[in-house]
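One protein chain, two forms: both are listed below as structure tokens, the first as structure 1 and the second as structure 2.
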Structure 1
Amino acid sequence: MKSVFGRVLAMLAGAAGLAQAGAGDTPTFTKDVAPILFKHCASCHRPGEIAPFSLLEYKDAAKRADFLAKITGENRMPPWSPEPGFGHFMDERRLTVSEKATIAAWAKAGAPEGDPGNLPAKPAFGSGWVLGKPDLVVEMPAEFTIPASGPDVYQCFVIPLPVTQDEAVVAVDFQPGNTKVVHHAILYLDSNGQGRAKADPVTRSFPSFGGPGIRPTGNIGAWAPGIRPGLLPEGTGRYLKKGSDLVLQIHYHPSGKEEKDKSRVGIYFSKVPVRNYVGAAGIRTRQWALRIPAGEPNFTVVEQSDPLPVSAKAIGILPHMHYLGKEMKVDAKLPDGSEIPLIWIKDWDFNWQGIYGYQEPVNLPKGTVLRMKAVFDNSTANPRNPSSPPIPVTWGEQTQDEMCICGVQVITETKKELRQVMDMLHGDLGMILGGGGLPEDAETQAVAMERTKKMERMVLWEYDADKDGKISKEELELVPKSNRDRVTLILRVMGKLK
């Protein structure tokens, strides 16, 4: 055991980089550092995994001791973006102050190995399905080739799901075919054949950065290295309509060598009837408000949502910006005036975005308002800026465009209520941000019809210049391009297109 004095010294060394650990009490690799690296780093830093080097062996850790101390001291590794104390999440990847101090003191002392007898057993990483045999396993249709270098690749694979009745998904697991290049994966559903229509016939896939490039009809989860799959609470599920395709979006990070991947997905269905489907509420900027001038280092957006029309429970949260994103902070203001922190990411990194699941569901009573502050850096000082020199940036799906959304995964008492909540985030955006979709029955269709009528009123108000109650071709030209397909669809459904 380390003495109290030694621990204090080690903490000082870590916090201020001043003190020297006492002789004889210097942390060693085998006794003090290996347990930390095995627990917090090895899931990614081991041979064949996504991280660029292994941290299982003494020699690999020792030769980068100072670097490890620096990176952990700055909280850059393990990759975990949310600020502590601002929401309590599952699988939080964070080192304690004393763990960071131990690494720092060890590096400072010259990275001694210590007594090999103290070395703990290497961590075991199971190769099977963590939750047991899935009810359904599907695989990418063909091997996909990732080039040796160049920009990251975002590819959507369209995989038919042999599901003959509607199901409720309670968990998904993902087995990357090639852990060196698979960075993360998002599992969208498509029951309209949009993905099939878009896919290349050979790879059955298409490239799409950011969103899935189609309007998904659901979403059954996501995967990133180091995240363990978990089951939704009993009686809760994500709606999977029979005949849907899985649109599996994989983010690949080139490894320096040409690589091939054929990943697999395991899906688990609810064995009990589902009472609560998962949907998404959320908050976003209006598209036209996101106009980020070239060179602007601190473009700040402040938004708040409409009040929640019904009470809901938040089970997870998914902030989304692209490469100019710098900070996002979201909280909930309850009708009684109290404020609940939902998430705060101070140093946004597009490559490490995730769906963050709450340890305990967060109660959001009817009337709660979601509030968001987001900051973008469109200057040359932002190393992730995709444009050099910086260009003016607006809302869009491409790498050089931006987005500003935060989805909040919720469950409600009834399907009708969930439909009402999801409409706050314009349905399809809710799907992209972790909504599960909903069975279409009389209850949900009635709400959908109301919503369509409301949208029709809004569209007519905005674009019906000659006030004849219909939208002509010329009038349609005035609808922003990004919105035109959608507006056309609404008008067609309601018979208001001239």
Structure 2
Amino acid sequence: MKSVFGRVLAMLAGAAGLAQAGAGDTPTFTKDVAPILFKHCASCHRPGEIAPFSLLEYKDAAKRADFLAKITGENRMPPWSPEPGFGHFMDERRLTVSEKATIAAWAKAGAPEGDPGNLPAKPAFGSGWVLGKPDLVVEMPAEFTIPASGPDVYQCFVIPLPVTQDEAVVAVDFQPGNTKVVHHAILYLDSNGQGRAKADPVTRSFPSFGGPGIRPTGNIGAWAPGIRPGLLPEGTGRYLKKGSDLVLQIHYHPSGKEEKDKSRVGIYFSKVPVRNYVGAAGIRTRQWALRIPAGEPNFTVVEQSDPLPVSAKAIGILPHMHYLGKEMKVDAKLPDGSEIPLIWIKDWDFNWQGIYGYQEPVNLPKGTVLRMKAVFDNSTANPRNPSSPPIPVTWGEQTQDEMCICGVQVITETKKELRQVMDMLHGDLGMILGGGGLPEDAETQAVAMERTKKMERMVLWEYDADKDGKISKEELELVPKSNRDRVTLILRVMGKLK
């Protein structure tokens, strides 16, 4: 199902007419090239947007004609990372062979303008919200100051949501107030007032490196450079409990001079009853295993999930690495031995990440195993390497650190089954990878309570040497390295880490 964004662009492009130049004709900007640029490029290449130049006017496109032919011919633009045939996604930003040939022929002919009467109307983008006017817009309580230098900053902003009834969120659009310093954002939900209790009463925010510093009750999305909003399938949503606060965690990277930011979020609610709530399955490399030597051009990690405890349907996928990322390939091995390709990004670019929604849900039977292969380039040949000369890199939250995660958005037949899938991810990791909270009822509450008690009993019995009900740093050293990251996450979420 096409998102609103896809339908709007298709309508605009259709009104313009997309017929490419026929054999023997010389393409012109007004008749042949402008419709392509308006359809595929103008959402970013227009005044005030993220791209470094506009392509709405002939003079701007003509002086870059050879460059446009080169980057489209090499599939570098429009920015669309997934390989064709390895997952079928909504709103794929790929040019057709004919469209690329038209741009190349136009550039070769000297970039003629053509008859101004053939120029289609420029696309209208309205308020700046990609999906149209949101149902609810919220913003940070006040401007936040990011220092000129020093370590990266993680700050959580507590924003009350004026929602008087339970809602299902079908999309969010995060608009960074200052793209120079905003590295990424995660949109947690808190229905228990934990964030308010921690926040400074003036700034209504608190620092929290890594996780959100609370046990979130849900999640409505995330943003990183390149992610564009899209609608969930009809009848599907993320649960938003009335009275919840948005705990907006933003990761800032100092730019070299003092900066200020005041980001905002647009939220879209379902207009039809929701049949399915979204959760997350996924894979991540164990933290101790991600140790990338300096100079290594092809450091490879291979991971797989536990077998799915119930059948599920994948509706989207979110791969994530940092600047050393080179390639990520994910598939699903079914119980009968067959394989389903989920995504393959051969040329990873941190600045063009995405949450990729499948055109049709992907059936994952009970017992399916998710498999991931990721490759990192920590050599001088990697132009995106943040360290020169290269240094050894391990798992971490800073920009110069690395991560290796792939979240798979899923839906199930029942809430209990969704809870079982999300429990595979342990603690708040499911929230980070695109999961959400669940409407509370006796069944889901009982499942969650028993799971929490079981984890707490197990961890404290195993590692609480002095029996004081918490785990100290010294006691944590007794945890085998192969399991320490998981145990640390559990303890942090439960508030049992000294």
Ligand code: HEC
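In this text, the rigid core denotes the largest set of C-alpha atoms whose superposition between the two forms falls within 1.5 Å. Everything quoted here is computed from the prediction, not taken from an experiment. The first residue in the sequence of structure 1 is number 1, and each one after it adds one.
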### Summary
Lone-chain pair; form predicted together with this ligand identified as structure 1
### Message
Aligning on the core only, does the CA of residue 261 end up 2 angstroms or more away between the two structures?
### Response
yes
#### Entry: residue 409 C-alpha relocation of at least 2 Å between the two structures, rigid core basis
no
### Task
Using a superposition on the rigid core, decide whether the Cα position of residue 186 changes by 2 angstroms or more between the two structures.
yes
### Task
Report, to one decimal in Å, how far the Cα of residue 471 moves between the two structures once the rigid core is superposed.
6.4
